[in-house]
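Presented as structure tokens, the chain that follows is alone, the form predicted alone.
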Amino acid sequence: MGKWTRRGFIAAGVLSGGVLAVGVGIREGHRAPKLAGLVADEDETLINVWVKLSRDNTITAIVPHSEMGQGVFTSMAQMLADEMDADWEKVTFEQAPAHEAYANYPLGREFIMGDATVPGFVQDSLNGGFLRIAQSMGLQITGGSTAVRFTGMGGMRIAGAAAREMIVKAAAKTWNVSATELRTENSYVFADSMGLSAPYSDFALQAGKYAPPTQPKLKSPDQYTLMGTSVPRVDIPSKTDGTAEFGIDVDLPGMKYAAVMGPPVLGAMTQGVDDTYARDMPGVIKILDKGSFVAVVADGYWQAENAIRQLTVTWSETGAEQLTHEDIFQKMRAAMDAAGDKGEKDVTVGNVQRAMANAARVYEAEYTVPFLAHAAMEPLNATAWVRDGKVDLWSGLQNPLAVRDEIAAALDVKKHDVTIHNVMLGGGFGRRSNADYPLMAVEIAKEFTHPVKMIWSREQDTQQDWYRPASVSRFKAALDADGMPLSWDNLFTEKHDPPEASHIPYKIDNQLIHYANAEHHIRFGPWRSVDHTQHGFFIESFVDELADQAGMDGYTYRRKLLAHSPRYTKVLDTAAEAAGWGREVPDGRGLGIALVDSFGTVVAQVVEVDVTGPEPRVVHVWCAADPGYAMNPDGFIAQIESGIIYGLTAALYGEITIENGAVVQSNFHDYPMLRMDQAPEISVEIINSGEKVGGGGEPGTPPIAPALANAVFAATGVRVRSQPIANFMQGLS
């Protein structure tokens, strides 16, 4: 039955205990026959929930994730196809429908269970239990670098391996031989001793009658044929020829357009709308006051947008009308002052106070990061059609099932009367996991019998966001005579997810990591790599300052603190060696290094910066990344590069400021993005260490800001303790 772990015993005990209480109904069982009508055409057989097989031997992977540029359709299909011994040329994909039957329970199971080992006799009940949990949560999320490491490892691979075993079983029955005499390759079954071979499709109908094995035999890395290779991205051709459909592309017969306006101070409600000038403008159909926002519906979007700019809206007061971002930072500092050593505990190791008393000296520093918007290239949009008690919604969503459930609740209709048509996302970064904009679209559309496409202006997109939170972080380290840390004391504000983001990889015997909460009206939303972006900057900047206090360079100092971990050391060494750490650089340039372990992937980056111009220019970024195993190396590298560019944009320029309670920034002229001619050369080295598989979409982002800040110090001798760094540097000139 395999080795039991305590975590596995508890989880299996709870869930199997639930089985005893409610009977076999909680088991997942063989659901494919019931679900075939949702996803399969007449010439297709649903082998199991995640695999279809057509008469022409085409295999379709049904993927419970959204495609927003990360290549998830490719990686999921690739993992499934490899375990299925499929012909990659005959593999395709489709996104799972926003239906509770396709709630992503493998993601939830892998997230909760981790490496827990449970016996086969409770596997079906365990899966059934997690399916019910996922359904209750509307779990179909794309985010947190969960696709490969959770859905892929715990869902797609198992589905592919199970499908292969079911097909082999069907072939054995058809040919009247033992399954052990059969082999599979390129979507064919072979009985070599009999000289027989046939495509998988010949056995589809029989295979589909079998219940999928819950613990099929999975391949070891030396048996992979597709995993670990850079198969071409399946979403690229349609994006190249323009046939890919994004939310902004949706065009329905009779469709009208809506522009919207939210309150300048988040949380305010309408008190009155003067539409004197707007109502008679060309193309205007209706002006709607929805309380939390106003909308203009017109024949065309530009007509709607022009009209909404002519509205005079009176908004309620929230009490935040006088606040600035500096006021919010002062609230944070006041909360930290009040918390002192009694803040909410995050990590407590050893005795920090005793270490402080025995220190040769104590070193302190404070860092800040601002609010950040998501600024996806495709503005938020959704097209809704509400009629006869049914709702159709077309949009790019990071959690379509949860959005379906929220729409059903908001309009008081049955969940199965809401149909989500999820399309590709022109960037998400966490923003499109929120249901606010699709809910706005259906609120508008329910006033009409025709479909309505709602598009947010770039200004609304910037000023009505759910923001990466601003934060303040204070550090205090007790140092010995050699400048090595005896203790680590970190107090910060705004703790969200993941909980380990504020933890350090370094071996320091005494640690106190704690936090304080400060209320304000700026709403929080997940932003690419979430809390790792703040803490990566905070921790890796402070470590570099400690290195300087010890008279060491950042690489050498970190290496001493990471001596306990060969994995961390190898990643650090690989990045440093790639960059030629220790070499002479021209005047006005500097090298900086940082290391962050996030989402199961360890990443070290070295930045070379040039500070001779009006603002810092990053010349080159060298990156070493250990994801355990890169399923698609080209795809993984692309994600790391993307994370670096996204993080570099934020580090250099990203800042949402508040005046009179309202967001000041409105478009790319005052919330700039890194341009192509500003982008550095990026070199990425993958380390396949064999550790548990980690994520790819998020881990490239956290190390770039501290590596840049540390490079600026190397070039100028000036410490960067706040972002955006371009503004900080301009303040020095």
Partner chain sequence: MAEIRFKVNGEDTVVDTDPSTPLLWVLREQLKLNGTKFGCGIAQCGACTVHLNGTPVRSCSTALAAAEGAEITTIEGVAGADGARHKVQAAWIEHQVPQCGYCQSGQIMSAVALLRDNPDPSDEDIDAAMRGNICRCGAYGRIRAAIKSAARA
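Residue numbers count along the first chain shown, from 1. Here the structure is a predicted model, which means the values were calculated and not measured.
Missing here is the form predicted in complex with its partner chain; even so, the following discussion is about that form.
Q: Among 352-360, 598-606, 448-456, 494-502, mark the stretch whose residues have heavy atoms within 4.5 Å of its partner chain in the model of the complex.
A: In the other structure, the partner sits against 448-456.
Q: Looking at Q678, N57, S683, N688, which has any heavy atom no more than 4.5 Å from its partner chain in the model of the complex?
A: The option sitting close enough to the partner is Q678.
Q: Under a 4.5 angstroms heavy atom criterion, identify the one residue in G272, P237, P586, P614 near its partner chain in the model of the complex.
A: Contact residue from the list: P237.
Q: Please determine whether each residue of F429, I637 and H669 possesses a non-hydrogen atom within 4.5 angstroms of its partner chain in the model of the complex.
A: Yes: each residue has a heavy atom within 4.5 Å of the partner.
Q: Does the 4.5 Å heavy atom contact test between R233 and its partner chain in the model of the complex come out positive?
A: Looking in the model of the complex, residue contacts with its partner chain include R233, since a heavy atom lies within 4.5 Å.
Q: Since only the chain is shown here, I'm wondering whether A410 would be in contact with its partner chain in the model of the complex (any heavy atom pair within 4.5 Å).
A: No.
Q: Does its partner chain come within 4.5 Å of any heavy atom of Y301 in the model of the complex?
A: Yes, Y301 is a contact residue.
Q: Even though its partner chain is not shown here, does G262 get within 4.5 Å of it in the model of the complex, heavy atoms only?
A: Result no; G262 lies far from its partner chain in the model of the complex.
Q: Taking its partner chain in the model of the complex, which residues along 236-251 bring a heavy atom to within 4.5 Å of it?
A: Result: I236, P237, K239, T240, D241, G242, A244, F246, I248, D249, D251.
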